[in-house]
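Taking the form predicted alone, here's one chain by itself in structure tokens.
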């Protein structure tokens, strides 16, 4: 199974929401669409699902041109951020309805539903109505329903947005195992970079309706293609240094170190991160963030430095990477 999107675009009231979007997702691969609110992430998913019609471009699922097909004929399994559950049906009935429509035997329905309820930690809620569930529980039911569909492509729109941090961490490996044990491509929309880097094989960074860069999490972190990507990927945020000769230099907090021969700075604030500490420093070239081990204790005034090999350089006019 493959998903191929070629020069896809959507225009509303003469404004392009997304434009010239192109990417491929191969079988068993998870591609995350990551970007700030309003960049076109959910619109991209809705166009592929057929819920909205593209104004330009082509969409192929497993080699078939589905650009003008109805949603039901595209064979996609989609999880909506808004759940879209039937309010009068309990959890088991919400999950079994699609299986019944597709003619799955009662015995297989029971096996599939029992398995997915266990994976999604919903075993004890099978007879509850959606109104009797928390937001996170409803999100898990919606996710379970999509994964029960024998789809050619899975489209996940912020599937864990309503879960607490601990449950997200618990479900990530289970969801990855469940999804990647299948042959279908997965498109995973999120605004959470940590989630994207944990779940996806590759990430497409969207900015203002265009793809800014596509790459593995490691590629995006170690070699961001623009100032936007460098700022967006990585927490704590990368340090941007002053412009020099039309070039903006940037250095990540973990690459800053204490050096008695370096330039002076003052400690303004620190945050405890567990295994590490984040120090906020005031310097002559602006504020600098530095990560140190939790055991490090700093005086109010220190000297810092970094290796030039760890510096990222960007064109000050275009914002694009220099090398």
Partner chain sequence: MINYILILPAIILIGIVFGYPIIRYFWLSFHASSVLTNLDVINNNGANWLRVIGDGRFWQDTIQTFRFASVSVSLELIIAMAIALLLNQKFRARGVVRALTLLPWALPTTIMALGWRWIFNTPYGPIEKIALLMGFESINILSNPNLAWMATVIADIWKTTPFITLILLAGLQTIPNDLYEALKLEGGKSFDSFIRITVPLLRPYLLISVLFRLAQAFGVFDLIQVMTGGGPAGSTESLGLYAYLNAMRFLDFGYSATIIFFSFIILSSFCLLSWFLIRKSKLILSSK
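Take the two forms, superpose them, and find the largest set of C-alpha atoms that agree within 1.5 Å; that set is the rigid core. Numbering follows the first chain given and starts at 1. This one's a predicted model, so the numbers in the text were calculated from it and none came from an experiment.
The discussion below concerns the form predicted in complex with its partner chain, not included here.
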Indicate whether the candidate residues 223, 247 and 257 are all in contact with its partner chain in the predicted complex, with contact defined as any heavy atom within 4.5 Å.
no
So which of 206, 199, 143, 76 reaches within 4.5 angstroms of its partner chain in the predicted complex, heavy atom to heavy atom?
76
If you check 235, 128, 191, 102 against its partner chain in the predicted complex, which one has a heavy atom within 4.5 Å?
102
Since only the chain is shown here, I'm wondering whether residue 172 would be in contact with its partner chain in the predicted complex (any heavy atom pair within 4.5 Å).
no
4.5 angstroms heavy atom contact with its partner chain in the predicted complex for residue 85
yes
Taking any heavy atom pair closer than or equal to 4.5 Å as contact, tell me whether residue 176 reaches its partner chain in the predicted complex.
no
With heavy atoms only and a cut-off of 4.5 Å, decide whether residue 111 touches its partner chain in the predicted complex.
no
Heavy atoms, 4.5 Å, its partner chain in the predicted complex: which of 209 to 217, 235 to 243, 114 to 122, 91 to 99 makes the cut? Say which one.
91 to 99
Considering only 48 to 78, what residues come within 4.5 Å of its partner chain in the predicted complex, judged by heavy atoms?
49, 51, 71, 72, 76, 78
Once both forms sit on the same rigid core, is the C-alpha displacement of residue 71 at or above 2 Å between the shown form and the other one?
no
On a rigid core superposition, would residue 138 pass a 2 Å threshold for CA movement between the shown form and the other one?
yes
Look at residue 96 and decide if its Cα position differs by 2 Å or more between the shown form and the other one after superposing on the rigid core.
yes
